[in-house]
Each structure stands twice: as C-alpha cells, then as structure tokens.
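Just the one chain here, the form predicted on its own, laid out as structure tokens.
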Amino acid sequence: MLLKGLCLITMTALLPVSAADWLQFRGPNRDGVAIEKGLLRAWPEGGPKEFWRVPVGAAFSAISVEGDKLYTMDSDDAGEYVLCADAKTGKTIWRTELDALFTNNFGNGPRSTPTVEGDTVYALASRGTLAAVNKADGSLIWKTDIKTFGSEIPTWAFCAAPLIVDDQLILETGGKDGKNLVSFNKKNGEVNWTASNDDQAYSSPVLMELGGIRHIVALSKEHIAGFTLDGKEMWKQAFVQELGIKPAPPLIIEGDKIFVSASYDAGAKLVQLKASGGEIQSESLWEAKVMNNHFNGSVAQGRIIYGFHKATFKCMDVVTQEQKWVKRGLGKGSLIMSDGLLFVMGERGRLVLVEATPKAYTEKGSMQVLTGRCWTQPTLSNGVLYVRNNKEMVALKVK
C-alpha cells in the first residue's frame, strides 16, 4: 500500500515546532525518555485530541521527529522505504525506496527506526541496505549492504537503529571474523573500523560517558560489552550466551550501571562500571529472571525501572530487585517517559497514561487509539505523541 499522505482527521490548531526533538530510536539519549514539560497530567474521557490520522505501509519502525517534520519507514508490495512527512498534517513530503520487501508471518516491512542528524537521515532496511538520504528531499547520499561483512538476513530481519557519534555511524551487523560491530564514515559510508567476534542479537548500541570516557555499549548474542570510539574492547560481561534474540537495548542506570534484559525466560543482568586511569572495568552485580523485556526496553527513573516483564507491566528497584507493583492486561507493550509520566502502548492498541511512581500503579488516562498488532513504541516531541502500527500513524495532543 502506497502512503498517499491522505489526512483523514485534521485539527485546526497547528503543532508546536519548538521544544525537544526526538531524533532517533528511543529518543534524545536512547533511553526512552523525552525532554518535555507542561504535559497533561490527566486525559479527558476518550483520551487526548487527535491532530491527524493517516494510512501508512507495514513496518515496525518507530517515528523520529525534528521540528515540523517526522521520519519513519514503511513498505508496500514493491519494497521498503524511508519517508518524511509533515508533522502538522501527516502528509508525505518524500518517500525513498531502499530495498525489496521483507515478509514474515508476524509482520512485513522494516524494523529499524531512522536516525536524523544534521542534513541527513540514516536508515536500515530489513534485508541489510544501510543508507544515508538527504533530509530535504530524500535523495540518496550513499548506501551499502551490511551483508558484505559475512552476515545473513536474520530470522526476524535486520532491525538495529543506526547510532551517530561524531562523524561515525555505528551498527551491529552480525558480521563474521571480528565484524559484528562496524563503524562507518557517516558522510560517505566507508568503513572506519570493525570489532567483536560475537553474533548480532537484534539490538541497537548506545553511547555512554563515564569518568570523562565516552564509549559504545553493545549487546550481542554472547555479551554486553563496551568499546572505545576507535573500536577497542574495554570490558565485557557474558549474558545468556545461548540466546540470540535480545532486541531490548542496554539501559544506563544512575550513570554508572548497565541493565540488560531479554525474554524467552532469559531474565536480566545489572553490571557496575568503574572508570580509572582512562580505563573502564566491569562487575556483575546480579543476574536473575526478575524482568524479561521482549522487543521493547524499559525506562529508568534513577534506580527505579518500568518495563514489560513478558506480558506484565512492572515497576521494580533495579538495584535490590524489589518489585514495587505489577499491572496485567496490556500484553507485551512498549513505553516512554517524560515529566513524571509514562506513556504506555499495549500490544493491541490501548494507550494509557500512568504516573511514574513506585508507590502504586496509578492510571491517569486511557484510550483505544489503534487496533491489531501494535509493537512499535510511541514518540513524544514538541508536546505531541505519535503512535503507529502496520496500517495507521496518529498524532495526539498531550500538552
């Protein structure tokens, strides 16, 4: 299905275009936290007002937003695309084909979320085409096939989100012979360095700074590990090495700890990091089956985390492993956090607003915004919440 940019529902008010942008997977810091204030503390009956609702082609890609433009991926019978739309109306501005369509009985189309940086949008198609396109018109700047590193299309397709650090684009490729983690020159796609003999695990790397040391934290099939910005391994810890499905990304806790979690009864692990003399050392604090994130990660509020333990929404103290509360009925959902509020999308399209507190599950609003399979996490930017599934994309006024 081609996205024609048809606006089915349009509010007369214009979207704000100043406030915090959401330029990549899981937001400004890749932790699921938006930098927003003045949000509605409770929703009216029926939920917040819609700005617009438009059709969109099949994909699990989330939405990135910069000012009055949004960027995501979709598909039709011919192929997979990265696209730009007007954030005020949902109308498509440009749509660039990247690769042939990936099909799967759980859902067709792209899985990765575009990263917006400078004048460029970076996107990864399901079959391994990594591309940089011009933000203004969608014209191709460069593209490459990450299967050239010796990887094969995974069962659930390539889905990692490109991470931009300075002039580098960093991505897990599943490559062989020390090429699982690859750094590309973001301007031309040339390879800077490769690292890691591990296999990919559908996860996206994050950037962390500790003791003045910036480094890449990457979750693979075998390890959670840290790498310098020139590809040298600094530390690593084993984590459920027999499981190769770990799409929930590493989560930084209190600035010096890393939390990782996976489903299929894998559980979670908390790693303590310490910086000294230009080096970083790691220590495993605990590993237990207290949180099993499946395809969406948790969010952290200090040492308190909120996330989906299989199909149960849960709050816990990540240091002591103490469970604070649980909520059932949303399935394997996703969530983001801002201004003391949790925006939670159930996997069947129920959207709820929850107070971010370990005291109790306190629901402040609810609406059935979508139907069918809803596995894509929301996006919050400039006071607007964006949600999507395989058929529709919706913008909601939450400020």
Partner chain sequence: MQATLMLLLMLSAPTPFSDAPSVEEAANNYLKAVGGAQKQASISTLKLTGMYVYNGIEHPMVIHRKRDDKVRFDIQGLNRFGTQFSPEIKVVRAYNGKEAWGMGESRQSKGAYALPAEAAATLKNEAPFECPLVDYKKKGHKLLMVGSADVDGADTWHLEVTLAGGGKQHWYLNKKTWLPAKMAVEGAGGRFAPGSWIFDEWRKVDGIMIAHFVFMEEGIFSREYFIEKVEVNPTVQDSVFNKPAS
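Given the structure is predicted, the values throughout are model-derived calculations rather than measurements. Numbering follows the first chain given and starts at 1.
Another form exists, predicted together with the partner chain; not displayed. Remarks below refer to it.
The shortest heavy atom separation between L210 and the partner chain in the predicted complex exceeds 4.5 Å. Residue contact with the partner chain in the predicted complex: D265 places a heavy atom within 4.5 Å of it. In the predicted complex, at least one heavy atom of V326 sits within 4.5 Å of the partner chain.
Using a 4.5 angstroms threshold between heavy atoms, K274 stays clear of the partner chain in the predicted complex. With the partner left out here, the partner chain still marks one of 305-313, 164-172, 183-191, 215-223 in the predicted complex; by a 4.5 Å heavy atom cut-off that stretch is 305-313.
Proximity to the partner chain in the predicted complex, taken as a non-hydrogen atom within 4.5 angstroms, holds for one residue of G340, P28, P44, G372, which is G372. Comment: the partner chain is not present in this chain, but in the predicted complex one of P55, G365, G331, P358 has a heavy atom within 4.5 Å of it, namely G331. Contact residues in stretch 96-125 (any heavy atom within 4.5 Å of the partner chain, taken in the predicted complex) are N105, F106.
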